[in-house]
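Taking the form predicted alone, here's one chain by itself in structure tokens.
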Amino acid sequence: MNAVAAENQGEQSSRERILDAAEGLFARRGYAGVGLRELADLVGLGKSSLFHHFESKPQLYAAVCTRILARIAARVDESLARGGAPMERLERVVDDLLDLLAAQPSDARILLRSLFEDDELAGETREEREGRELTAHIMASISALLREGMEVGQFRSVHVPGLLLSLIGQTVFPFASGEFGQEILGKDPFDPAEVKRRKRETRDLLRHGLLAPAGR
């Protein structure tokens, strides 16, 4: 490895360490509860080194959210690319997203927080633009699948935006619900048996609520 490659790898490693640490802090405390000095100390960098990677707290927060959305977009694309009838693809996407969120404990909480904390962001950074583009891509991909299912007669006619919100609630909220969710469920939302149950229940809801009569 030459010196330039080693330096680039070091830069990437430092950036990822910052994002990893920031993700955990933002998930627990939200945007307002995280200080950059604390984050720099946690990562073992000086504050000036942190600002070398991220010029502001809004940019860092947007980068954390965008990295999560990039993981989700990649998983959705991979799931859809494997083919199959619309319901088969939809069930696979939901299963894969539940697996992804179960494996990344901070992701769902940050996504939920970001819906209410976006007023803190300027809306002008590259990371924020990338985040909006990724969100639009994810929504468009699943919307296209739902509309395809209706066009071929496998799905009944539904209000696609409303169903998207319901699917987001079914997949994201339980992982973001913290102590409230654990109290309601009587167990950890991340427990493998609970994740398996949620997959099964979500498939049943889709089959009974979305399949057209001829497809049942």
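Each residue number is its position in the shown sequence, starting from 1. Predicted model only: the values in this text are computed from it and were never measured.
One more form of this protein should be noted, the form predicted in complex with the DNA, which is absent from this view; the next part is about it.
Of the candidates S49, S166, S177, Q154, S49 is the one whose heavy atoms come within 4.5 Å of the DNA in the model of the complex; the others do not. The partner is absent here, but in the model of the complex a heavy atom of L45, alone among L45, V160, M150, A70, sits within 4.5 Å of the DNA. Interface residue remark: P58 is counted as part of the site for the DNA in the model of the complex, having a heavy atom within 4.5 Å. At a distance threshold of 4.5 angstroms between non-hydrogen atoms, G35 is in contact with the DNA in the model of the complex. Contact with the DNA, judged by heavy atoms within 4.5 Å in the model of the complex, is confined among 62 to 70, 179 to 187, 166 to 174, 36 to 44 to 36 to 44.
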